[in-house]
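Just the one chain here, the form predicted alone, laid out as structure tokens.
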């Protein structure tokens, strides 16, 4: 039987919209409730305990909206809170994080040296390095925190002089010499993917979690017979703190006009 309940997707801000958009592109029949915790962004400079608390509260809210699956579309939350969510909700729904699909996609490419850029919380967790090395012990993994990138993107500073300057400041690092690939381990970063590619002169493979997460979602829905059968999904976009500028930026980020509703779940 079809399952037309929505998929819940959450992030600290607009970054997770890259994942949400990939899901809606691959699975247009699926409805989505997107929640951006703008009241508490960014997550990247907060403690594991704080991020876990926010994630638990948001997931409880999304389950109350009858979501059939929850996608943790935030690397900081995926690294800090994913195991906590699995333990707390104990099989009551399916969870998908943004770390494992990306690691699985990159680990079998035969690379010798890869870079990882992300928020402080994600880099501090060491999750990417540990998971990549568990699959390929000879891989050289260079991780670097790039904490200014997500707030820069949230404020709309991308595809311009400001973003190019910040990107160069982070990537102009001898550690990144001779890398074969770089992982954009923050869901905000796909919006500056072209600028990162330009910096490396298209000589470095660039990977993000958008498409691979959408494919993971599809696989789970198919395996568990939870696919929707409606002709077109319904999308709801919610934030914990509404601003007009955020709505405008989010529309650009998602690729079409969207309407945000404020939901203070705290």
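Given the structure is predicted, the values throughout are model-derived calculations rather than measurements. Residue numbers count along the first chain shown, from 1.
There is also a form predicted together with a small molecule; it is not shown, and the following applies to it.
Proximity to the small molecule in the model of the complex, defined as a heavy atom within 4.5 Å, singles out one entry of 186, 102, 116, 71, which is 186.
The three residues 20, 97 and 210 each lack any heavy atom within 4.5 Å of the small molecule in the model of the complex. Partner contact region in the model of the complex: 35-43, out of 35-43, 55-63, 199-207, 229-237, criterion any non-hydrogen atom within 4.5 Å of the small molecule.
In the model of the complex, the small molecule stays beyond 4.5 Å of every heavy atom belonging to residue 80.
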